[in-house]
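The chain below stands alone and is given in structure tokens; this is the form predicted alone.
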């Protein structure tokens, strides 16, 4: 017996280090994969000269390795992944939107200024009649696209062109009597251009100065051919100006509006004078201060659209929350009555709307509310314009949202009611209170302590309920153009239309409205949580 006891105690001591070693190897492999991906991301960011991403990935790599290789710090090991995703997918987009709200970023002001020069020349270029076709190859280095040109005078030599200059290409590779590659550069073909829209756009916009004194440039026709084109404007790189070769007008960079303009250009009336040839497009994003924010309230056209949409956004969110809560509460109280038979079946049926995807539910309701073919109009025998009349469309949105969301409130309230102590209600009855008064003075305050944070979250969600509005009414009906807003538009759908819904994309202005939405929702949520704390104090 004395010999066997040490053997029994020795067995787990051998297995424990083996388990720790296996876990350490798994951790090492996972961290190795993360490090490889992180280094690759840093290299890609360096190639694109995206310095903020370089700093972010470098900091993440250091934090990950330090956190998971050292002993202790267990809480932070669980928090770190969430913090990384919070910064990458919440704080950065919010910060980017905040920064864009102080610019004129949008259609005609998307490209950086260094790329605007080539775009202006490309737009103002016209083919030169009788010009020869040149053998070219697109090559890329550091995210920039260049034109490798076989010298038309000497096929054994090559030229390398960018939007700024044309220089001899040393160490070029030749095949079949034409240049096909260049040392240090990546040769692009039709497939690689098609697979990368940014490179393809850069190649299409590339204009190489061939005889700049005469305004002649080489412009690509395909990935293998280029032709001469003459621009109506000549760019002077030293002075950073354009000169119209026909009228002699000189266009200088205007940092206030992000355009090349003449001296007589009026910044305040620039849009109205677009047809007078006093500025060149496209432009580049510039800082405009708080102009986008002041425009919301000072521009009569914008104010006429913004204020009604803002009021309807509040009415929709508040009305939806109240209707869903009251309806869910009534059903939950009924379901709590022990005299009701088949409660499990009823609850399963009542929860079905919440279990169905919202996009499917919204489209089904859209078909049911169709004026001509909807089943609702067929039942009542009248062509009611549920989705084409402004008032009825708003009512339809509220009803459909009640159908979609009451099940959630039913689940929440049912759980909260079960947590209310039964002896408190019995004490109220003993004191002579009626059922309604006992509910109002005892049950409802305790219920609100649990439900209030969820009501606030529901308000924030419905204030930005883009999916339902877009699928059911599309923001309409529209009394004017879609850019002016529809009668069922929420701020979020109106903002989306400003940013992406029309040919004129006002991204900077849409970003300003997005920040207004954030301030409204954050302010109301903060106030709501203060009220919730007061309710908790009452409970205590």
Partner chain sequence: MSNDNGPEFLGKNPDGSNPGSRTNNDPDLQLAVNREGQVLAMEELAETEGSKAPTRSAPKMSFGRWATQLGWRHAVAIIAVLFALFPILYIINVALNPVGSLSASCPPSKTGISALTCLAPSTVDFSNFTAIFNDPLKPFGTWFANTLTLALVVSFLSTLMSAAGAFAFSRLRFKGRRPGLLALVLLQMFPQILAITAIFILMTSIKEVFPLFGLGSVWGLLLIYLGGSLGVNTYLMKGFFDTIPVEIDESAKIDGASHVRIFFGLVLRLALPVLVVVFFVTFTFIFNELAIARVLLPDLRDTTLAVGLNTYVSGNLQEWGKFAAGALISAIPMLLVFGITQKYLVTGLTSGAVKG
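Take the two forms, find the largest set of C-alpha atoms that superpose within 1.5 Å, and that set is the rigid core. Please read all numbers here as calculations on a predicted model, not as lab measurements. Positions refer to the first chain, counted from 1.
In what follows, reference is made to the form predicted in complex with the partner chain, a form of this protein that is not presented.
A.B. asks: If contact means any heavy atom within 4.5 Å, which of 302-310, 70-78, 129-137, 223-231 contacts the partner chain in the model of the complex?
C.D. replies: Careful reading of the contacts points to 70-78.
A.B. asks: Given that the partner is absent here, does residue 112 sit within 4.5 Å of the partner chain in the model of the complex, heavy atoms only?
C.D. replies: Residue-level check for residue 112: no, no contact with the partner chain.
A.B. asks: Taking the partner chain as it sits in the model of the complex, is residue 418 in contact with it (heavy atom to heavy atom, 4.5 Å or less)?
C.D. replies: Result yes; residue 418 sits at the interface with the partner chain in the model of the complex.
A.B. asks: Is residue 478 one of the residues lying within 4.5 Å of the partner chain in the model of the complex, judged by heavy atom distances?
C.D. replies: Result no; residue 478 lies far from the partner chain in the model of the complex.
A.B. asks: Is the gap between residue 436 and the partner chain in the model of the complex 4.5 Å or less for some heavy atom pair?
C.D. replies: Although the partner chain is absent here, residue 436 would stay clear of it in the model of the complex, with no heavy atoms inside 4.5 Å.
A.B. asks: Each of 57, 346 and 500 near the partner chain in the model of the complex, meaning some heavy atom within 4.5 Å?
C.D. replies: All of them do, each having a heavy atom within 4.5 Å of the partner.
A.B. asks: Taking 4.5 Å between heavy atoms as the contact cutoff, choose which of 290, 239, 395, 86 touches the partner chain in the model of the complex.
C.D. replies: Selected residue: 86.
A.B. asks: Given that the partner chain is left out here, which of 174, 314, 403, 279 has a heavy atom within 4.5 Å of it in the model of the complex?
C.D. replies: Filtering the options by heavy-atom distance leaves 403.
A.B. asks: Determine the residues of 341-370 with a heavy atom within 4.5 Å of the partner chain in the model of the complex and present them in sequence order; the list may be empty.
C.D. replies: The stretch touches the partner through 341, 344, 346, 347, 349, 350, 351, 352, 353, 354, 355, 356, 357, 358, 359, 360, 363, 364, 365, 366, 367, 368, 370.
A.B. asks: Look at residue 468 and decide if its Cα position differs by 2 Å or more between this form and the one not shown after superposing on the rigid core.
C.D. replies: False for residue 468: its C-alpha shift is below 2 Å.
A.B. asks: Once the core is superposed between this form and the one not shown, does residue 376 show a C-alpha displacement of at least 2 Å?
C.D. replies: No; residue 376 is a residue whose C-alpha shifts by less than 2 Å between this form and the one not shown when the cores are overlaid.
A.B. asks: Is residue 58 one of the residues whose Cα moves 2 Å or more between this form and the one not shown, with the core superposed?
C.D. replies: Shift of 2 Å or more: yes.
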